[in-house]
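Below, in structure tokens: the form predicted on its own, a single chain.
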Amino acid sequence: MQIRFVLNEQMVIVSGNGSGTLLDFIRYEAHLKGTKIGCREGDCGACTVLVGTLHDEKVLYKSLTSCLTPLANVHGKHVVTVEGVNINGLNKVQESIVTHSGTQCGFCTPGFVMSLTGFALNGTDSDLNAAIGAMDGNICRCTGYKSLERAAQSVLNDIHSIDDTNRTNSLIKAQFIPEYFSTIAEELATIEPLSVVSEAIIVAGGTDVYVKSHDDVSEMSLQFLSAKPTYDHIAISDGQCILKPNTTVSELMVCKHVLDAIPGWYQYLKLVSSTPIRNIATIAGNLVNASPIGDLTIILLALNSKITMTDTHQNQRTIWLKDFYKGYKTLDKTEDEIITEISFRQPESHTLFNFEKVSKRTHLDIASVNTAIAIETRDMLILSAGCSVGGVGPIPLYLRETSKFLAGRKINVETIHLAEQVLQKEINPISDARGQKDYKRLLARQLFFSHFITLFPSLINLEDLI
């Protein structure tokens, strides 16, 4: 396998299985030491780089954690490390961080520089919350975040003068990025797609497997879904939202069709990991991982999603996601099947959705208990309901009996109390590092109540439910 990509301003050709991480290549092969090794789990952000993908003759950049990125996944792309944004003197982002005392030991600083530079390159948002949000995958233990927030505000002030008609050239003139960025699109256009290795272990984003088996997986023969460019795709057809398996969390997070249909959708998905992880983590990967507390799985269960699987002979079958999980890490899937499509009905005006999650910290953490609900209503009557909950059993759980019980009932306190009693019979939590079993039962109860308090504030309040 020959992997080709542009690293900063140099075309790179690497022969091998492509299973090693981008971080290891950057540090040990390219000898660019500005990208740091920290947690190797995608939490600290010290290894953050930018990766640009050619789309409609423009290069679109995203920040990602290079410690979890298979080298093969950057084939045909532009990889930018902190050395690659240097100009004569400090660039605008580096200057802002220095001016506002946003660095002390300096270990984390390259990651912050890359995240803020990515924010400047994207130009999709223009408020301070978005600028700060771009750094949500970066941890600093020295300066405190107020100085970094001031640096983000300074970057934002400079971005306001950028001309969007040719953003790359404007950023070059404003000294955000070096001049070589203007030629990257032409260079990427010359790279042919990566050939697909058959009969190998399938990897998409790699955000789970590279945490668990970093040393082992780098020696394996892998099949990379990123080699199939038609896979990252969201479509709306006949009222169905159809996701291809390589769709990332970030892509789903900003899908206009879903944002319009589900108020709060963006904030719900903000609770899933961090920006650099969401930029590479895939929907199908989250489902196949089968974690009992997978946030996306819980959300898609409540939306009554279906999955389509295809085997090596191109035979297809479609099943309900709620039938996919048979036991702990046990799936209704053969070894040669892969998920090729995920779909759910696009919510309409009379369908309400809510997602709740409790974890030790608000962002970038695993849930103790998470739960979602989709309710179709008319005249305060529940026509149908889909309820799911995670962290209370060996699988991500679709609450079949609770959902069935709610259908056809009026929305009132009595209905909610009775439904919660049904819920308690369906769950079977255990005590572990994320809480005692009685605590998880209490969380499931309170979060279930929270769905109705959030969705029907004029009818239901907390005092009535306690």
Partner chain sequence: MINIDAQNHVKGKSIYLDDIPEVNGTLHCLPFYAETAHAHITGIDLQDAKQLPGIKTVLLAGDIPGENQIGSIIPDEPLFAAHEIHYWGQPIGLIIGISEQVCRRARKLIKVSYDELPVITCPREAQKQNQLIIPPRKFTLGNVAQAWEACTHIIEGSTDINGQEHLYIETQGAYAWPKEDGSLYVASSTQGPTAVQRAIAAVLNLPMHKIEVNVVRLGGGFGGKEDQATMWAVMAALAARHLNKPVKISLHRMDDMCMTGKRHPYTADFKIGLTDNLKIMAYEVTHFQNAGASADLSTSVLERTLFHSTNAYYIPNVEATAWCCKTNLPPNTAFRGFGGPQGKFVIEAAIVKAAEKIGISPDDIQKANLVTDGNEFPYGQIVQDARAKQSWQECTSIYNLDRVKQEVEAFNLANKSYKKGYAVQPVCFGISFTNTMMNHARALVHIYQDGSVVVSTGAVEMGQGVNTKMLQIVHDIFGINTEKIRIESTNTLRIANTSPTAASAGADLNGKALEMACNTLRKRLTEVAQRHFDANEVAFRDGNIFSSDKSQQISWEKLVIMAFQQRVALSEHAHYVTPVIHYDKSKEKGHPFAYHVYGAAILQVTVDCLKGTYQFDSVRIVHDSGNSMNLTVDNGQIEGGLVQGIGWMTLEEVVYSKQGKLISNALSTYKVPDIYAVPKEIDIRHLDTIGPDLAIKKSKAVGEPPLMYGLGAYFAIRKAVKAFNPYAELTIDAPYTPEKVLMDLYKKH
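Since the structure is predicted, the reported quantities are computational estimates derived from the model, not experimental observations. Numbering follows the first chain given and starts at 1.
Below, we turn to the form predicted in complex with the partner chain, even though it does not appear here.
- Using a 4.5 angstroms limit between non-hydrogen atoms, G106 touches the partner chain in the predicted bound form.
- At a distance threshold of 4.5 angstroms between non-hydrogen atoms, T99 is in contact with the partner chain in the predicted bound form.
- The partner chain in the predicted bound form is approached by L447, whose closest heavy atom lies within 4.5 angstroms of it.
- Contact between K270 and the partner chain in the predicted bound form is found at the 4.5 Å heavy atom cutoff.
- Of the listed positions (H350, K256, K146, R317), a single one reaches within 4.5 angstroms of the partner chain by any non-hydrogen atom in the predicted bound form, namely K146.
- Interface residue among I236, C142, M380, L383, judged by heavy atoms within 4.5 Å of the partner chain in the predicted bound form: C142.
- Only one segment in the set 322 to 330, 166 to 174, 359 to 367, 286 to 294 has residues whose heavy atoms sit within 4.5 Å of the partner chain in the predicted bound form; it is 359 to 367.
- Site residues V14, V79 and G390 are none of them in contact with the partner chain in the predicted bound form, judged by any heavy atom within 4.5 Å.
- Taking the partner chain as it sits in the predicted bound form, the stretch 412 to 449 comes within 4.5 angstroms of it through a non-hydrogen atom at A433, R434, G435, Q436, D438, Y439, L442, L443, R445, Q446, L447, F449.
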